[in-house]
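Form predicted alone, single chain, as C-alpha cells, below.
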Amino acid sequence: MEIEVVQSGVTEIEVDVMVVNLFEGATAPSGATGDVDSAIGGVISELIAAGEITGAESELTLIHTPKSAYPLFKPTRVLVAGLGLSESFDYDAIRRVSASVIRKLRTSRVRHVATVVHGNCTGGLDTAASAQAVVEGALLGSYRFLKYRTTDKYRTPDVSKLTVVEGDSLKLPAIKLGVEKAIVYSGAEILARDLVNEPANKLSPSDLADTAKRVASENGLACIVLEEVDVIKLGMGAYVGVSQGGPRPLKFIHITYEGDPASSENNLWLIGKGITFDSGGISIKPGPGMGKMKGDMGGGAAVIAAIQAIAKLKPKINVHAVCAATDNMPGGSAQRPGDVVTAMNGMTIEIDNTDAEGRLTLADAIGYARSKNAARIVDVATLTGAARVALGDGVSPIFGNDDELVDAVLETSKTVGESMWRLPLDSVTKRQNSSPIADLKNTGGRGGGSTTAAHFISDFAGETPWVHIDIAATSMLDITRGWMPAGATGVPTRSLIELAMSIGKLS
C-alpha cells in the first residue's frame, strides 16, 4: 500500500473514499466531519438524528456522494468511522478503527482512500503518535498471507493507496514523522508475520538464516551464521541436543547493529526462539494442532524483523539479534528423556521432556550473549502452553530479574499496543526444576508451567539484566482481532523496536 501525506481540505481531494469520524454520543458532526456534512447537504446530521450513525467504535457508515448531487464535493464516497467513547479513546482504538476501515473498503473494491488523523484534535493524544497509529492500523489490519492461494478467482484486491489529509500546515511535520515510523514498524511486523506463516517445508533453519543474511545485507548490518561444528566447539550441548533428531542442519544466527560503536557496553541483546518445526521430539505432541508448530520460531522471526527496523531508525545503542534455529524431530538420533546435556556455561541439564526444547536453545543463546558481554538481554519465545492457561491469547506473560528493564519492556509494549503482564519468579516454583542427577531438569511439571520455564532460563541469564517474553498464546490467533489477523500476529516485534528506540534515547 502506498502511503502519502498531503495538505488539503477534506472536501477537495479526489479519492474513492474520504474517511472522517464521530465520537459515540455526539449529537452533531464537527471538525472535518462537520465540513463534509456541510458540503453534502447535512446528510451525516440526518443519519445521526435518525440513529443510523451512533459513533460506536468501528461502526462504519458508507455514504455515496455522486457528482450529479454534489458537484463541488470531490470524494466519490464518504465513510464515517465510529471512534467509541471519547473518555476511553486511545492509540489502540485508533489502530482498531483504522484496521476496520481498511478491511471494509477492501470488500467494496476501493483502491484509493483518504483519511483524517483520528485523535488529532483529541486532548492528550500526540499528533505524530496518532498518525502512526492510523497508518499502523491500516497496514497491519489489511495484512493477508496469500502466497500459496492460487484459485481465488473472486478475491477482492487490496487498497492500493492511503492518503493522510491535514489542512493545518503546522501539523504536517509531526504527521509525516508518525507516518514514516509507522511504515518502518509495520514493515518489520509484517516480515515477522510472513516468516511465522510460512509452512515448515518452506522455511528450514537454513531458510531462516538466509532471511537474516538478506535483512543484514539490505540494511548494512553484520551477520554471522554458525554451523553445528562451530556451536559444538563453543560447548552448546543443550542446543545441539535439540537439533540431533532431524536431518536439516541447525543454524545459529547473530545479526549486529552498531548504533553506538564508541560504547560497546551500551548494548541490547534480543534473543528469539527459532524452532522451525516442533514435533515435540521423542516426547511427541498430539496430532491435532501440530500444524501450528511451524510457528515455533515466532520469537526468532520477531528479533530478526525488529533489527531490520532498528537499523532504519538508527537509535544510539548497539543491538544484537540472536536466533538459535533448528527443528525438533523424533528421528533415530534424537535425544531421549533421561539424557543429560551440558550447556555452554557448563551447567548440566537432565532432559525430562524433549518437548521442552525451546528453553534449551535459549539457554545456549543466552550463554553466547553473556560471553560477548551482554548488558541487557530480552528473550522472546513461543515457550509454554501454560501461558495461554494463565493469561489467554490477548496478553503475553513476562518475567525478569531487573525491575528497570522489566518496566521498560512493559512501557514500550503499552505504547505499541502489544499487551504484556509481569508474573513473579518465586522460590517455590523454582524448586520444581530440581534434578537428582544434574544441575537442573528442563521441566518443572504442570503447575506454574510458564514460571518454571522462566526460572530455567533465568539460571542462564545469571546477574545480567534479563527479561523473558512468552508469546506462545499471542504469536498466532484463530480469529482476526483489531489490527491483528487470524494467523501470525508478529507480536512482539514493534515492542522490541520501541524498546531499542527508548533505551537509545537515554544513552
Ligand code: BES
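In this text, residue numbers run from 1 along the sequence as written. The model shown is predicted, which means the values in this text are computed figures rather than measured ones.
One more form of this protein exists, namely the form predicted together with this ligand; it is left out here, but the text below deals with it.
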**Message:** Is it true that D207, R248 and T276, all three, sit within 4.5 Å of this ligand in the predicted bound form, judged by heavy atoms?
**Reply:** no
Contact with this ligand in the predicted bound form, heavy atom within 4.5 Å, among G385, P173, P330, P337 goes to G385
In the predicted bound form, the residue from A343, A81, M420, A356 with a non-hydrogen atom within 4.5 Å of this ligand is A356
**Asked** Does any heavy atom of K147 come within 4.5 Å of a heavy atom of this ligand in the predicted bound form?
**Response** no
Report yes if any heavy atom of A472 sits within 4.5 Å of a heavy atom of this ligand in the predicted bound form; otherwise report no. yes
request  = Classify T443 as contacting or not contacting this ligand in the predicted bound form by the rule of any non-hydrogen atom within 4.5 angstroms, answering yes or no.
outcome  = yes
Applying a 4.5 Å heavy atom distance criterion, does K316 contact this ligand in the predicted bound form? no
Here the chain appears without its partner; judged in the predicted bound form, the stretch of 316 to 324, 222 to 230, 290 to 298, 105 to 113 with heavy atoms within 4.5 Å of this ligand is 290 to 298
Taking this ligand in the predicted bound form and a 4.5 Å non-hydrogen atom cutoff, the residues of 302 to 337 making contact are none
